[in-house]
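Before any questions on binding or motion, here is one chain by itself as structure tokens, the form predicted on its own.
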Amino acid sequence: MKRHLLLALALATSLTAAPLSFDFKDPKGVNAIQFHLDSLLEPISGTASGVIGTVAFDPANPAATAGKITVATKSLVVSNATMTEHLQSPMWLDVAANPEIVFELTSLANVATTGNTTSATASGKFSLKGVTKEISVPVKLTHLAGAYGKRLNKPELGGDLLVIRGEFTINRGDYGIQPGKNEDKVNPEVKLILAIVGGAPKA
């Protein structure tokens, strides 16, 4: 009888356990999102390193994942300094007036978990240069239990990691970024690739 009571209590605890909150402000400064514009005359690649945000993730219920990832617009750079200036100028991203690029997750669909990795379609609100649109993108969420301290070379800290990976494409014209202009040098389609890690220190 006592054993059954303990099992019932354990089950109830697992069902009511709060999701873990993962902080994507990376203490190692590694997190970055890559972007590619494969234009006819001038393929362009760059990175955005100013990634912050929080994601609530429950390994027992990945479909309930919620959160928001923000990127500092001024952190977007390419290898050519002059092109970076143009990218950040009022004619393009206008970083002074639009300091953040934001994706706010509203739902996960087509959720499938194998081992510690969950594949899904993430739907949410993507905001860029003052324009917000609903988008859906394929993602993979990998939950690494107990790996937080190990990543920081401090295993005594404990805690978990959540790695988010995904690739998707947007059209710059949809967000008011020089629509229909300079398409031979600046592709209208922008490919975004993310592989970012968030940490949940042990309480």
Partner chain sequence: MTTPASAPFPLRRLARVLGLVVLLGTGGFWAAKGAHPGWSQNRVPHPQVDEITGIEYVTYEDRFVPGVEVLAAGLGLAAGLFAVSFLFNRNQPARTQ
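On a predicted model such as this, the values are computed, not experimentally measured, just so you know. Residue numbers count along the first chain shown, from 1.
The form predicted together with the partner chain exists for this protein as well; it is not shown, and the discussion that follows is about that form.
The chain is drawn here without the partner chain; in the predicted bound form, the stretch among 167-175, 131-139, 45-53, 61-69 whose residues come within 4.5 Å of it by any heavy atom is 45-53. For Lys154, no non-hydrogen atom is located within 4.5 Å of the partner chain in the predicted bound form, even though that partner is not displayed. Though the partner is left out of this view, Val95 does not reach within 4.5 Å of the partner chain in the predicted bound form, counting heavy atoms only.
Under a 4.5 angstroms non-hydrogen atom cutoff, the partner chain in the predicted bound form has Ala195 among its neighbouring residues. Although the partner is absent here, Ala112 lies well away from the partner chain in the predicted bound form, with no heavy atom inside 4.5 Å. The putative spot formed by Leu40, Thr84 and Ala147 is fully lined by the partner chain in the predicted bound form; each residue has a non-hydrogen atom within 4.5 angstroms of it.
Think of it this way: in the predicted bound form, the partner chain has a heavy atom of just one of Thr117, Asn80, Ser123, Ser89 within 4.5 Å, and the residue is Asn80. Annotation for 152-172: interface residues with the partner chain in the predicted bound form are Leu161, Val163, Arg165 [heavy atom within 4.5 Å]. Whereas the displayed form keeps them at a certain spacing, the CA atoms of Pro179 and Glu42 lie at least 3 angstroms farther apart in the predicted bound form.
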